[in-house]
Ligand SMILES: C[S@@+](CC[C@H](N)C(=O)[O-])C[C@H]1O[C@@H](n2cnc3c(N)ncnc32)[C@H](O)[C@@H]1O
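Take a look at this single chain, the form predicted on its own, given in structure tokens.
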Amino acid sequence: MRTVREGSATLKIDDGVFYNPKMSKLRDVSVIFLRAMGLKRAKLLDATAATGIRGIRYCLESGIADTTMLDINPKAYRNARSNARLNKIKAHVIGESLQEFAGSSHDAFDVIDIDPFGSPAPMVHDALKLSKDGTLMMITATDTATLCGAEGPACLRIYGSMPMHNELCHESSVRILLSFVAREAAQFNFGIEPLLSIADMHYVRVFFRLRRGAAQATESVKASGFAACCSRCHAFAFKKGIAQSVLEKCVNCGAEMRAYGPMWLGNLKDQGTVVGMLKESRAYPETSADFVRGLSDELDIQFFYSVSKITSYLKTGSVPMQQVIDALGKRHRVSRTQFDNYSLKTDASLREVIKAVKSARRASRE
């Protein structure tokens, strides 16, 4: 057994119980998110507790009054229970799976956290049984090889979507997960309102609010659609709704376009929520605060342009990223993106981005 301090929590971790210290930044961001939501006396369900670190930190740092933690692994269940006692929080620690708990419980939770090893898809339906109008959900997927297209058939089976396997794959993985959740939620007459979306390291995580009503459910399903990408010049297009094709030919270079989806084509965040998180992040490590700041600065529009892919298409050398941003920023909205360090989001067209890249290339030679 070893002792670990994280945030305001103290853990004693039994051998064989999963704890990943590299995910502390994500746990910081999740705590900051709940603090920004201003929850008072909320009931939270941690559906995959392991050591209990998330549920414990949520109680100690985010104003959660009552947490229920589930883990079917007997050793993890005992470890989470002892850690809840060690940290003196009000917690119900149960040695059951989410599926078992949802089949017997009549509770409806204010917050539900799903952070499994691999895909969360098998758990979403049961989590919705424990939800109500206004429930906040935080869902993590670590099966990024599936969502990012390295295992395309698996993504079709699990999420019902054709994934991208190109420079846009991390953003599309977030959008595929949200689209899957929206379709599942619609079966319960819930719509979804994304509040924050993250793709980092080996995981994606989405934060959203459920809104009950047939109209809200229908609108959420209609927010999904298909995206098309050009493999030659890296142009993209998208269309909401159930469409057989988005574009057959690229409007920029004439090459064939390939369609992907369905995926969520609505907003990925609520800017008011992220601004609130900025204020709360000041009390947390600089790496976590900087990450939240980057999420706040990022434009919330569909997809981005990879500057490295564009320079490859143009058969030129690399260009300074900031010079491209400065050139575009004179007439357009532009930002960096969490999904790729050498890419940008902008409302400029691809041709305008190419023009800015060429301008930056000339300037770097002078």
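Heads up: residue numbers just count along the shown sequence, starting at 1. These figures come from a predicted structure and were not determined experimentally.
There is also a form predicted together with the named molecule; it is not shown, and the following applies to it.
#### Entry: Options 301 to 309, 28 to 36, 52 to 60, 327 to 335; stretch whose heavy atom lies within 4.5 Å of the named molecule in the predicted complex
Single hit among the candidates: 52 to 60.
### Message
Exactly one residue in T218, S105, N166, S97 has a non-hydrogen atom within 4.5 Å of the named molecule in the predicted complex; which is it?
### Response
Exactly one listed residue reaches within 4.5 Å, namely S97.
### Query
Among L156, I72, A150, V251, which has any heavy atom within 4.5 Å of the named molecule in the predicted complex?
Contact residue from the list: I72.
### Query
How about D110: is it within 4.5 Å of the named molecule in the predicted complex, going by heavy atoms?
It does not: once the named molecule is placed as it appears in the predicted complex, D110 has no heavy atom within 4.5 Å of it.
### Message
Against the named molecule in the predicted complex, would Y342 count as a contact residue? Criterion: heavy atoms within 4.5 Å.
### Response
No - in the predicted complex, heavy atoms of Y342 and the named molecule never come within 4.5 Å of each other.
### Query
Can you check whether P116 is within 4.5 Å of the named molecule in the predicted complex, heavy atom basis?
Close contact exists here: in the predicted complex, P116 approaches the named molecule to within 4.5 Å, heavy atoms only.
### Message
Please determine whether A47 contacts the named molecule in the predicted complex, using a 4.5 Å cut-off between heavy atoms.
### Response
Within the cut-off, so yes.
### Message
Heavy atom within 4.5 Å of the named molecule in the predicted complex: which residues of 337 to 364 meet that condition, in order?
### Response
Nothing in the stretch sits within 4.5 Å of the partner.
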